[in-house]
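Form predicted alone, single chain, as structure tokens, below.
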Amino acid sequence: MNRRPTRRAKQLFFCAAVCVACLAGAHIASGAAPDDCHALRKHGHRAEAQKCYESLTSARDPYLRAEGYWGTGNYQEANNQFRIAVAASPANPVIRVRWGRLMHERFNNTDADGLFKEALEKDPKNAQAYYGLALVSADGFDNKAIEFTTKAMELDPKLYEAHELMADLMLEDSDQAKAFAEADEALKISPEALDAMAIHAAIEVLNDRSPDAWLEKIRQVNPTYGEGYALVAHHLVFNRRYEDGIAYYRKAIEADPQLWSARAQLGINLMRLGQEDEPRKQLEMAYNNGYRNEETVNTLRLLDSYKNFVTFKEGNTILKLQKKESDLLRPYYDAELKRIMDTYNKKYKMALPGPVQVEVYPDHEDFAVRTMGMPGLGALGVTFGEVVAMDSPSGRPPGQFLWASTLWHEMSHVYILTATNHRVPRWFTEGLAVHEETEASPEWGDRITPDVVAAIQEKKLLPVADLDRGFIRPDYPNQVLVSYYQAGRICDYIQERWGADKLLDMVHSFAKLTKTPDVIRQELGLAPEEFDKEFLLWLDKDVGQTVANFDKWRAAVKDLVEQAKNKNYDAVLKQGEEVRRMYPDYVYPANAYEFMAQANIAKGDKKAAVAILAAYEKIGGHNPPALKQLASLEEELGNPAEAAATLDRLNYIFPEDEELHRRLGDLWFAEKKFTGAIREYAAVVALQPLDKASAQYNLARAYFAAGQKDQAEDHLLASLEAAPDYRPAQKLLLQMKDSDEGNKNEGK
């Protein structure tokens, strides 16, 4: 069927629009209905719609007054009138549904959810109530959004808004075919389904085709419908095409300068690209006009907190650190960034076109604000083009994550998003980043957790063609983490079977907008279904025994905990070995390695304790007390170099530890590794220790040993300022003077 409107159809549409306006004018005089006002607004007749809503505010019916106040933007009074209306008509589900929609629009999903459920108690077949529940669920990327939308469509096949929402959900799930079909269904029901047109436009943009035909259809219905451009922008941002998304948010504001939601999103996304001035301007404009959702308010607070940060620009990196920890963290981040970029420049055969900005947040809530509104985050780091935001080591309990591993992960995204012009599926870029963590260090990367074991056991791994869904709208708790693991192991498998260059070939294929099934066929020579089977066979060879023994392991580890509690050390060692054999990758709380190490220490066998803790370290264990204990044992047994290497690993896990830096500095100083000793003693000073005199003295003697006398003198004076009678500093001062005198005599 020809979908292009004929001239006659356009004339009929124009007449219909005029008649709607005339009809509304008549209702204003004789008593308007909410649908009349909604129709005027939908067609862009704002002044007429405003008058229509104003007329409703003087109605005798509190429900009509609520709709009127809502339409004029007086949300508090609308809320009051809905409360009166519900009290007057407690059995009416429609009032509760509409009140719920107001709550949803005004950022109160908790009350909205309750009102929709109350409406269903009154009318279990109320399609609009299910649609409302779907809207609430969609905001949180909850898989129930699809379930509720499906129910709404079943109860009311003519509810075109439900088809629009389903199209939106399917496009978020990267299922463009279903999104296209649902948008078409909405348009069959209502040729003026504006969001359905916007979904079609988004599909075109995501495929690098012109959306102009669909955008023109939107303008024919409502030339000021900025929401259409904003919906396209949302899907671009959702697919990590931030600059393109920003351009469409600007189009949305151009169409409707009062679309405060688009202004807020414009500000948030400009901020994601490292800007501050315009984001503040756009966000404040939205806030001052009553658009005060959680994202807007918290992002403005985050911008205010930036006065507490300091920015370091060096070469092609920009490092943004909180002032209180910048002296401590900068040397470690600078060194790791250089190592990462040298590695990726060679591996990916490219250099980044501009500087990369890394922002490190000691307050996890600040980092959460930075990433708000994004799906499926592991909440350790996130990449926006050439901007990386991540938790600081101090933002998490010690040992909960490896900051360096996270940095390698996020920097992989920077390169892959750049290489593909932001046109790579989520599963591949996440999987490759997980793969790169382990490539950087075998001790890093994702270990198989009990959640992953259970998912494999229950055959819940997704086909590779559908793996994106596991990151976006999980079907079960922790599916996001399972999907990270699966995607990472898929990349491991591809490299092992086809070689590392094949991963790079896939990057280039995805850059051409080739879909996952086609990339699998073209680059790996397998049908996606065949690839899935062969990958699962490969994975089973690696972790099959762990999966098969999982139930037995869970029972055994409970008994092991009890044996350790009762100090039955022989039983701990015997049973611990069996527990470890069944599930060697388990390095989380209550792991066999640490129980066995403590049993060996209790029995006086320090060598055995070192062996088991070294195995724990190698397999990826990163509990700081356990690794510090390993270092102590290694030093006791006469292996200072191994002790230093163990402590240095802790710098990648939790560098906010004065004792760690002091001990490592001493070990490296004894080994005459003065550069490393300087770094560690400087870290002690940066942590503002109580004993400032010894901290400054240690740094001074390291500089002196390294031949950097000027630096040594500065820190020696700082030591003596802190404690003028500090004897080691006094002795070093005399030594330095003697050295100076000796140099003068040699020069005569």
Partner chain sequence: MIAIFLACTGISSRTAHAAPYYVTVAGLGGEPDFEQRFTALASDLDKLFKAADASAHVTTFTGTSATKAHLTDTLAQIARDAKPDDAFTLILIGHGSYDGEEYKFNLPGPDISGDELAVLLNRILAKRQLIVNTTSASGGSIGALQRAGRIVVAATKTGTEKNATVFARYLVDALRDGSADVDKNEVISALEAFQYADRKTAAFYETQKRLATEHAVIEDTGKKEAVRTANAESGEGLLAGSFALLRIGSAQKAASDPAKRALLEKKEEIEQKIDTLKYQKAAMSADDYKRQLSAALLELAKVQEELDK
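Positions refer to the first chain, counted from 1. Every value quoted in this text rests on a predicted model; they were computed, and no experiment measured them.
The same protein also exists as the form predicted together with the partner chain; that form is not shown, yet it is the one meant from here on.
S.K.: Please name which of the stretches 33-41, 683-691, 46-54, 63-71 has residues with heavy atoms lying within 4.5 Å of the partner chain in the predicted complex.
M.R.: So the stretch in question is 683-691.
S.K.: Using heavy atoms and a 4.5 Å limit, would one call residue 474 a contact residue for the partner chain in the predicted complex?
M.R.: Although the partner chain is absent here, residue 474 would stay clear of it in the predicted complex, with no heavy atoms inside 4.5 Å.
S.K.: Please determine whether residue 600 contacts the partner chain in the predicted complex, using a 4.5 Å cut-off between heavy atoms.
M.R.: Outside the cut-off, so no.
S.K.: Looking in the predicted complex, any heavy atom of residue 502 within 4.5 Å of the partner chain?
M.R.: Outside the cut-off, so no.
S.K.: Although the partner isn't part of this model, could you tell me whether residue 395 comes within 4.5 Å of the partner chain in the predicted complex, counting any heavy atom of the residue?
M.R.: Result yes; residue 395 sits at the interface with the partner chain in the predicted complex.
S.K.: Report whether all of 717, 722 and 734 sit within 4.5 Å of the partner chain in the predicted complex, measuring from non-hydrogen atoms.
M.R.: So, yes: the whole triplet contacts the partner chain.
S.K.: Please identify the residue among 593, 333, 668, 654 with any heavy atom within 4.5 Å of the partner chain in the predicted complex.
M.R.: Contact with the partner chain in the predicted complex is made by 654 alone.
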